[in-house]
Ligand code: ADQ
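Take a look at this one chain, the form predicted on its own, written out in structure tokens.
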């Protein structure tokens, strides 16, 4: 079988893939171990030009080669902090008001993609299958094609793909879609994302769409919907194993019999954290019998802490938590425990298992694996209730969740009341429904379906000089 070459903005270390990494890293590493291959991308380090040009750094783990490069400060600022996260991320999450377009940053975004592609070319073999991940690397295949690479190349978008009316707000939108058409297969999280891409092709690229086949910009490609998932049995094992660990036992003791609502998100404006806190505040206001009897634990690890927008998010959230706690705290009670730090994966799964409600309410999300992890971590004999935003990709699968519109503060508050009071029989039935979806769309199925489709496509013709 041909080797698999995975390309992502960040590369998980060999240590991370053995337990502390998220589900995606575990799934990708599993595929690499089966076929042998290379995982290539940015190391996460900002380095000098001299060091960057020495790469990639190679590290071997069995049949898998981890190949990483550092980024010079200018490239980091333009490619990562700039166009990727100041323009693409907000627009793809329907936040045009937060988008900042800069021509130099866009030029840097394309330049870094080309530079990374040429770094990878030195490691490629003729029959390698190349799987590129996420919005940082949209032009990656185009750079490879321009250099004469004819290998099968697939792309998977982990965030939403916006409707054409939203995408048009990005000045070089046509160039970006043209770049996507250089892949053999482009995969999306949901049917809505795929429809938005097809809609753009028809209305703005003057292309054609027939089923999953797309013809545009003189190229032909296949699109598909691939529901990314988790390995539910592994998560259940982590959750059970962690129950007896001291940190989890300390939390249980500190709750003193109170109900627990768990939320885990990266610190990001797409996650609806302020709206979530205000919904919990409304719940305490309208349900005085729950004051002192329920605690919301919000874990929000910092992300992109050198970007001003994210610094403001953290300040706003700390203010809201402090304001609500000041209103409803007692000498022995704190309604919201807001933790701006990272926790080991096993600990999070164990906390999910101990909680009565999983509150997952993003304003917009590609899939949201936290929702799936929460369900997988539950005790089948006494499961908690998932309260889920209708704007998360997972909402299309988790029909056993209590669905909410996160913009509706009162509606989310009512959903919390319903979840906390839900009878055991109904909780078990909802858990059973969600688990059936988790097993149907687990991480292995996502990975295998995408790679099967990619391997089934034709090789591209070499570009004529």
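Residue numbers count along the first chain shown, from 1. Since this is a predicted model, take the numbers as computed values, not measurements.
Keep in mind that the form predicted together with adenosine-5'-diphosphate-glucose is missing from the display, and what follows is about it.
- For the residues 170, 284, 71, 264, the 4.5 Å heavy atom test against adenosine-5'-diphosphate-glucose in the model of the complex is passed only by 264.
- Distance criterion of 4.5 Å from any heavy atom to adenosine-5'-diphosphate-glucose in the model of the complex singles out 228 from the list 116, 228, 351, 386.
- In the model of the complex, none of the heavy atoms of residue 253 sits within 4.5 Å of a heavy atom of adenosine-5'-diphosphate-glucose.
- Residue contact check for residue 313: none of its heavy atoms lie within 4.5 Å of adenosine-5'-diphosphate-glucose in the model of the complex.
- Put simply, residue 378 is far from adenosine-5'-diphosphate-glucose in the model of the complex: not one heavy atom of it is within 4.5 Å.
- The closest heavy atom approach of residue 210 to adenosine-5'-diphosphate-glucose in the model of the complex falls outside 4.5 Å.
- Between 174-182, 140-148, 74-82, 153-161, the stretch whose residues reach within 4.5 angstroms of adenosine-5'-diphosphate-glucose in the model of the complex through a non-hydrogen atom is 153-161.
- Although adenosine-5'-diphosphate-glucose is omitted here, in the model of the complex none of 259, 294 and 330 has a heavy atom within 4.5 Å of it.
- Within 4.5 angstroms of adenosine-5'-diphosphate-glucose in the model of the complex, the stretch 335-366 places a non-hydrogen atom from each of 341, 342, 343, 345, 348, 349, 365, 366, taken in sequence order.
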